[in-house]
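Next up is one chain by itself, shown in structure tokens, the form predicted alone.
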Amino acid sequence: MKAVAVFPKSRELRVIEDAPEPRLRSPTEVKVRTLEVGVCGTDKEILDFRHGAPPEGEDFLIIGHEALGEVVEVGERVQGLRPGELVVPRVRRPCPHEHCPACRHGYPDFCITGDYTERGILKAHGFCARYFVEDVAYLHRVPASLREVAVLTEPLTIAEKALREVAHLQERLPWEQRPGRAVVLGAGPVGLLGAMVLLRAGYGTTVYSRAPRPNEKAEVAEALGAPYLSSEQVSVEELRRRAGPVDVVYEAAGASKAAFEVLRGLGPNGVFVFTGVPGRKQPLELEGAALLKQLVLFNQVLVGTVNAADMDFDAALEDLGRFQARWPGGLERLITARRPPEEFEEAASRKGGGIKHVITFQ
């Protein structure tokens, strides 16, 4: 079967035409025909050989972790799924260690050992192949009405988990919290989907990104009802003046310098959520004393979040339906191009610009 894989030893990306087709090995597994695979910054890091690893004993890794597929075969003990239905898979698999409470309780996104695996990223083949096989426990059924946008499920789960964590953190305040003001740092797919989640939750949301207007991302943000401000045109001080005291910053840029600049605009009792992993080295100077003073005097919280849990995928699929109703065509605008597997590298480098590039299997 056709698959897209990286070979770390030779540092190359190949489209394999004769990769072994996976087969059911247990009664709870499901065979899925891949329809679409989203391409993101993590894939670019894997292609640059700065991240990722093949399965044990193999010299290549089939990449792709944001997937939508169609069930073609189910094991005899699979319930709730049948051939022809659409599914999205989760990414991370738990570590094997009994002393890891996170993995043993079904939350490998909080794994304490680091010995987890991730499909298409770390020691487990991904979904950018004609077929993949997965245990039914890691699959989520997708309504047919979401066929054109369900490939956005996995990046949306990042925001779903982040907002869930913010809600828990705000419980520390001894009064009922109402949604206030939020700033989304970055206007890529994760940032714009995060803006949708925050707007759905009732936050007055501003998108703060580097590129000056006019640009496609600004148009999408403002069509949602989120003002778009460029960091090249608007300082952090001006951002705070326009947005007001910021209760939540949702960082989705992966730029450490920009993140710590925006941190200065966080308001009293605010929560700053880091989701991006810096992809490039940047010199960073911090006024440590001033930063610590700010965090202490204003009771602020910084939290990092990675991956997502079962419930976040369910929430993402529900929200995709809500977003379709609230912003007709808004989700579709995030998908810039659908490309064949042979163009994975071009998609990862986002040649030609755009927001989200997707690989399709015909």
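Just count from 1 along the sequence shown to find any residue number. These numbers were taken from a predicted model, which means no experiment stands behind them.
From this point on, the text means the form predicted in complex with a small molecule, which you will not see here.
For the three marked residues, T42, H51 and H65, a heavy atom of each sits within 4.5 Å of the small molecule in the predicted complex. Checking L295, V303, M311, V306 for any heavy atom within 4.5 Å of the small molecule in the predicted complex turns up a single hit: V306. Comment: the small molecule is not present in this chain, but in the predicted complex one of V220, I121, V136, V87 has a heavy atom within 4.5 Å of it, namely I121. Residue heavy atoms within 4.5 Å of the small molecule in the predicted complex occur in exactly one stretch of 141-149, 89-97, 227-235, 200-208, and that stretch is 89-97. When the small molecule is considered in the predicted complex, E160 lies well away from it, no heavy atom lying within 4.5 Å. When contacts are judged by a 4.5 Å heavy atom cut-off, E251 does not count as touching the small molecule in the predicted complex.
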